[in-house]
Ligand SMILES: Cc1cc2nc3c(=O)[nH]c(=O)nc-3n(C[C@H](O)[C@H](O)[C@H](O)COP(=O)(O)OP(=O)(O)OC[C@H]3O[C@@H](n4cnc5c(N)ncnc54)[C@H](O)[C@@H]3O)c2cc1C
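In structure tokens, the next block holds one chain alone, the form predicted on its own.
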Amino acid sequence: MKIAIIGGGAAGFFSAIAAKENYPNAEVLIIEKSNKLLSKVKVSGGGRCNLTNSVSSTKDLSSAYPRGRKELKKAFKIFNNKDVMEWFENRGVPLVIQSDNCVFPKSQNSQNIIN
């Protein structure tokens, strides 16, 4: 099986990793028009990479994203902020939750997410 992912940003890399984990024998190719893979991840959160928000309810989580709140509520029932935190921690990225509920890598460095 050959899988092409269009876009070398966070969603593209997440999709490529998920594809490879679910189909280990597949050839997975990420196609990006620029030479700057994960460039927005690198600068997000002031270079610290704000991964998600740690609120406990789907309603509160979707409220943190004013655009697309309704659509996100449905998506968050399938894969939510707790799943995001578990996903990164299972891959060796310790996380820290700030007092404002923002979740960052414990290192406070976006490069740990990129790596």
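Quick note: we count residues from 1 along the sequence shown, nothing fancier. It should be emphasised that the depicted structure is a prediction, and the values quoted were computed from it without experimental measurement.
The form predicted together with the ligand exists for this protein as well; it is not shown, and the discussion that follows is about that form.
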>> Partner absent here, but in the model of the complex, which of 86-94, 54-62, 29-37, 70-78 has residues with a heavy atom within 4.5 Å of the ligand?
In response: 29-37
>> Quick check on A10: any heavy atom within 4.5 Å of the ligand in the model of the complex?
In response: yes
> Are any of the heavy atoms in I6 no more than 4.5 Å from a heavy atom of the ligand in the model of the complex?
Replying inline: yes
